[in-house]
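There is one chain below, alone, in C-alpha cells, taken in the form predicted on its own.
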C-alpha cells in the first residue's frame, strides 16, 4: 500500500517528534510584536538556499504575523511579491488591516531589512485573506487526483546522495524531503526535459503540517527548472498560495509542474495532498531562470 511505508516511517519518529507550536519552524517564524501592526524577527540562517532566505519560509513568517494582526486565524489566500533577496538576520514586519468581514478579513504585510549603507529596504510584500478553516463545509466536488508517488522508502532525499547536491542548502536539514525518482534525472546529470517535481514532504523534527507550514511546502522542493536542464538559482518573482483545508496528520505529497518557460521566466503550479487523500493547498508562482 502506498501509504504503509510512509506512515510506518513517520510513526517510528512519533515518540520524539515536535508538535505544532513547539518546533524549530514555529520558533523561527515567530515575530515579537513591538507595537500594533509592527513585528520584529531575526530571520534564521537555517532556512537559506545558498545565501538567500527561502521564499516559502518568508511567506510563513509574514503569514504568522498577519494571523496575529487579523481577527481570523487561517490564511485562505496569500499573494507575495519578492522585491529583493532577504538574508539572515534582523527584520521588521509591518502589517495593515485592509478590511474585516464576518467570514473573511484581508490584510497586507511587508518585510524590511537594512542594506549595508543602513537604508531600509523592502524585501517582500503580501496581500492576504484570512478565515477559519474549521467553519468550511465538507462538500467536495473535484476532478483533481493525488500525484502517483512511489512509497517513501523508494524515494530519495539529500542524505541519499554520495555528496552534497550542487546548490545544496541549510534548509535541507530542516526538511523531511523524499523525491520521486522519476523527477531526479537532474541529480544524475540526465534531466528528463519535463518540468515536473514530486516529493513526500514534512519537517525534519516530525512536526505535523498546518496551514502555515503548507506555505513553506509549496516552495520547498527543488525547482522544476532542474528537470528542464537548467542550473543555478531560480528566484521567485511572485507566488500565490491557496490553503483549502486543515491537513490530516502525516506526511504530505507535493507535486509541482511547469508547462511554459519563455523570456527567461517560468511558472510553477503546486498541489499539496495530505494523508487523507485531500487537496489541502495549491499555489502558482512566477520565477526567473538563467539561460545559457
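Note that the coordinates shown come from a computational prediction; the quantities given were computed from them, not determined experimentally. Numbering follows the first chain given and starts at 1.
Missing here is the form predicted in complex with another copy of the chain; even so, the following discussion is about that form.
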Position in contact with another copy of the chain when the complex is considered in the model of the complex, options 96, 159, 153, 120, heavy atoms within 4.5 Å: 96
Exactly one residue in 126, 149, 221, 175 has a non-hydrogen atom within 4.5 Å of another copy of the chain in the model of the complex; which is it? 126
So, 106, 283 and 286: all three within 4.5 Å of another copy of the chain in the model of the complex by heavy atoms, or not? yes
Another copy of the chain in the model of the complex: contacting segment from 180-188, 213-221, 200-208, 75-83, heavy atom within 4.5 Å: 75-83
Residue contact check: residue 274 to another copy of the chain in the model of the complex, 4.5 Å heavy atom: no
For residue 264, is any heavy atom within 4.5 Å of another copy of the chain in the model of the complex, or not? yes
Taking heavy atoms only, is residue 238 within 4.5 angstroms of another copy of the chain in the model of the complex? yes
Does another copy of the chain come within 4.5 Å of any heavy atom of residue 258 in the model of the complex? yes
